[in-house]
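Okay, so here's just one chain, in structure tokens, the form predicted alone.
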Amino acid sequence: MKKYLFLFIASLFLTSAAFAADSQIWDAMRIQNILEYGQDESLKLGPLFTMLQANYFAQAFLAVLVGVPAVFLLHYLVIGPKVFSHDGKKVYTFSIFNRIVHQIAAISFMVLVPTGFIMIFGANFGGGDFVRMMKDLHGLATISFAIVVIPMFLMWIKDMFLHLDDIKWLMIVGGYLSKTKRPVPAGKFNAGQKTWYWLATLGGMIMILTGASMYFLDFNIAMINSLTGLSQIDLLRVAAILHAVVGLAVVALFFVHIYMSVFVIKGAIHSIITGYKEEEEVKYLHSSWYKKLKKDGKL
């Protein structure tokens, strides 16, 4: 597995270098190339893009930034966290490969999210060098996330498909609206974790592609123009709109993921560091998986 990961990383950098070497994105031709894009609009997305950018995207991100944590604060004050014993057996849950991949993705997100917000509200931060530095950090974190997103997608996909337990879990919101500890129907991953997995991986891939389109600006690839029928300027506008819409969903669920793993389930974050979950936590929050482990004699 390590050999394949190394080959993937090496091919990613070689491909990036090959594209960069064949492009004039870094020299004086860049401005001239960009000026030409506005001469040929395939979908006439200018008014739509301007309207969304001016009137909706910033406000929507502000609503997520303020509203989601406010809901969590209310939940924490009214319902409170789930506390499980740390004195019982430990359940081995995540391999060393799982943990390394997840930790790289987590660090990437911890850079991507705040730098993304700073870029959105750049004028409020005075613009200039500081915002440009945040843009560069955003780009670097995108590279680290791009390296692990496919391994992360592949290593957990077999556990992430919809199951009858997921419907039951959704009907009771995972038991998180109750102070009482009761067994919750869920496998190794519950419906909330599965939702985050699909959004973080597939949505993350969309964010990488659309972000790269905007970052390089005149990375004019004829094959993409031919397949989509989009002119370069409209391709950039579509990328910007998709990046914002998917980004809203990703950021909202990222906040949920952090809240659940750090605040709601006490000590849960340690499982992705040590690889072990507490037995009582598994017994109540992943009861179907717990029963299977007992049946198979693994507990």
Ligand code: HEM
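If you're wondering where the values come from, they're calculated on a predicted model, not measured in any experiment. So that there is no doubt, residue numbering starts at 1 and follows the sequence shown.
Missing here is the form predicted together with this ligand; even so, the following discussion is about that form.
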TODO: Spell it out for me: taking this ligand in the model of the complex, does every residue among I208, H243 and V251 have a heavy atom no farther than 4.5 Å from it?
DONE: yes
Task: Candidate stretches 67-75, 104-112, 175-183, 160-168 - the one whose heavy atoms come within 4.5 Å of this ligand in the model of the complex - done: 104-112
Open item on the list: Is A212 part of the interface with this ligand in the model of the complex - any heavy atom within 4.5 Å?
Closed with: yes
Open item on the list: Against this ligand in the model of the complex, would F117 count as a contact residue? Criterion: heavy atoms within 4.5 Å.
Closed with: yes
Open item on the list: With the partner left out here, check for me: in the model of the complex, does some heavy atom of F145 sit within 4.5 Å of this ligand?
Closed with: yes
Open item on the list: K188 versus this ligand, in the model of the complex: is there a non-hydrogen atom within 4.5 Å?
Closed with: no
